[in-house]
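Below sits a lone chain in C-alpha cells, taken as the form predicted on its own.
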C-alpha cells in the first residue's frame, strides 16, 4: 500500500480559523495534527492562541515558544527558528508552544503588524522541513490573527451548525480575502468542519443545505463525550477512543482533505 498526498503539496501551512471561540478549533487542530503524525507525516503545530490550550495539552515545559518568536523578531534578537520548537511531543510531531497569555498586552498590534512580513517569510522557509504546518489561530480578528492567516497557504474553518455561524462565516471569508490580497496571495478555504454535530436532529439538514451555498467542502464531527474527556486526561482521540465516532469523522477528514491511499 502506498500513501499519496492528494492535497496540493504547495499548500502545507494550514490555519484553523474562526473568530468565535468554543467551536472545536483547538480540538480539530490537535486531532488532525496527531492523526497525520500517526499516518507517517512529519507535522509541526503552532499554538497561535494566547490561551495556550494546545501547549497545555502537550507540555508544561517553559521553553521559548511563539511569544518569544514574535518578541525576538520585534526587538531584533531573533536568531534561529529551531530555538522556538519543542520537538517530539509525539512521534513525528513538533510544536511551537505558546505559554504567554498576556501576548496581546506585551506586543501591541502595531508591533505585530511591523514584524508580520518577516514572520510570514520564516514560516515559508520552515515548511520545507515538514509535510504539514498546522496553526491554531486565536478567536479574534486583530493584528495577531491577520498575521497568522496571512502566513497560511490555506485555512480550515471549524464551526457549529447555528444560525449565527452563517453571518460569522461570511464575514470571515471576506476578511481572509482581504488579508490575502494585502500580501499578494490567494488564501483558499479548504474545508468547513462542523463539530459537535447531532446527526439525528432534523434541523441539521436545513443547515447543511444553507452552508452548501458557500461551495466549500463540508465535513462533520459527531458530538462526542470521548473527545473532551480524552483531552482532559492528556490523551488524543487516537489514544483514548480510536474506534469511536469522533475518531472516525476526523479520520475521514484526514483521508479526504490531506491524504489518500492507493493499493498496488
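Residue numbers count along the first chain shown, from 1. Remember, it's a predicted structure, so these values are computed and weren't measured experimentally.
Keep in mind the form predicted in complex with a small molecule is missing from the figure; the text below concerns it.
The closest heavy atom approach of residue 37 to the small molecule in the predicted complex falls outside 4.5 Å. Heavy atoms of residue 27 reach within 4.5 Å of the small molecule in the predicted complex, making it an interface residue. Of the heavy atoms in residue 43, none are within 4.5 Å of the small molecule in the predicted complex. The shortest heavy atom separation between residue 139 and the small molecule in the predicted complex is within 4.5 Å.
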